[in-house]
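In the block that follows, a single chain appears as structure tokens, in the form predicted on its own.
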Amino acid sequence: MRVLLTGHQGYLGTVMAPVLAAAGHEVVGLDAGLFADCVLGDPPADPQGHRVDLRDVTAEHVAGVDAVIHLAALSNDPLGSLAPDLTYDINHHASVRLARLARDAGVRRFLYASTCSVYGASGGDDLVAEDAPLRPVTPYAESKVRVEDDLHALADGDFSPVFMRNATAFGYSPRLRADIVLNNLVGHALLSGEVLVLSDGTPWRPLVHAADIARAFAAALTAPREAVHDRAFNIGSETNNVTVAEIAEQVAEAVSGAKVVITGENGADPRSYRVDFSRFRAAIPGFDCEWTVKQGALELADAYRKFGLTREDFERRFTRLAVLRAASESGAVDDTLRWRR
């Protein structure tokens, strides 16, 4: 297929593009480039693509495309809370506009990167499946729910949206993010000798490696239409349903000499849920996630050491909110996060 991959210069897109290419697809990227320079290690070989803000996409960008994989978004909760209007403008309105343009251009499959955080605080010990009530507690998660609803309304006999509700990602990517839980804890452990947990450690988190997300999207891209059409899928593995305290212990094992420190200063995080991932395995026979949290912690520690991660990089270059603040303060972007001409 000829696949338009939005967010191809992001944390997940940089991992996903070569997986899609290796499967024989022609990958065309689309990215604003806000995080293109957030590279740890060897610069990635990006596919040919469009440097364009998601809000400025036109019909020309989706012409001749067989499928769209839509990853691009303002992609963390602190940023969404800081700029909720921008989060809804980019994550919700621009995403739905892209889907309409794709449908009108004859695109048949639209894989949307949603999130398990749409479940919010599940309020129980049972595993959360796709038909559970959606209780988003942040603008970021709320924007994902709104897009799912609007894409559902666009589904028809020719246009198949698929909602990929990813667990919290982890693992090495050439375009690193240090502001997601496992990546952050491993970096802090290496740089300070402490695995620092600011919550009380009790919230449950479902985690999934970036490479497993890429494999899942590649599988959904070519799955039979009846298996995936207009359906939501949790992407991850029950093995990686872990508490924040358990994540911290895995990090301490991966980083020799690191000590777990749970301060509890931020209290109990309301985002706590364990997730059932069986629907996707049933839809895609033979698929399962390959990476455990422990393996991911070891991989990250090795990569951080190999490529010489510094505290400056950890706190600024690989933290989304810090990158955007620096771009804004320098005048590189305007108050809507568009590049200045």
Ligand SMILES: NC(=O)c1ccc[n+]([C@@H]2O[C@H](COP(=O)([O-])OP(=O)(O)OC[C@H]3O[C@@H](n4cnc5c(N)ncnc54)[C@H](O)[C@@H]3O)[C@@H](O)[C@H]2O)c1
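When you see a residue number, it is the position in the sequence shown, counting from 1. As the structure is a computational prediction, the values presented were derived from the model and not from experiment.
Not pictured, yet referred to below: the form predicted together with the named molecule.
Can you check 33-41, 58-66, 308-316, 286-294 and let me know which stretch has heavy atoms within 4.5 Å of the named molecule in the predicted complex? Within 4.5 Å of the partner lies stretch 33-41.
Using a 4.5 Å heavy atom cut-off, which residue among Y172, Y140, F233, F110 comes into contact with the named molecule in the predicted complex? Contact check passes for Y140.
Listed residue that, although the named molecule is not shown, lies within 4.5 Å of it in the predicted complex (heavy atoms), from S199, Q250, S75, N241: Contact residue from the list: S75.
Should R177 be classed as touching the named molecule in the predicted complex when contacts are defined as heavy atoms within 4.5 Å? Yes, R177 is a contact residue.
Evaluate A83 for contact with the named molecule in the predicted complex, applying a 4.5 angstroms cut-off between non-hydrogen atoms, and reply yes or no. Output for A83 is no: heavy atoms all beyond 4.5 Å of the named molecule.
Can any non-hydrogen atom of L54 be found within 4.5 angstroms of the named molecule in the predicted complex? So L54 counts as contacting the named molecule.
Taking the named molecule as it sits in the predicted complex, is A17 near enough to touch it, meaning that at least one heavy atom pair lies within 4.5 angstroms? No.
If you apply a 4.5 angstroms heavy atom cut-off, which residues in 310-335 are near the named molecule in the predicted complex? The stretch 310-335, when checked against the named molecule in the predicted complex, contributes only R320 at the 4.5 Å heavy-atom cut-off.
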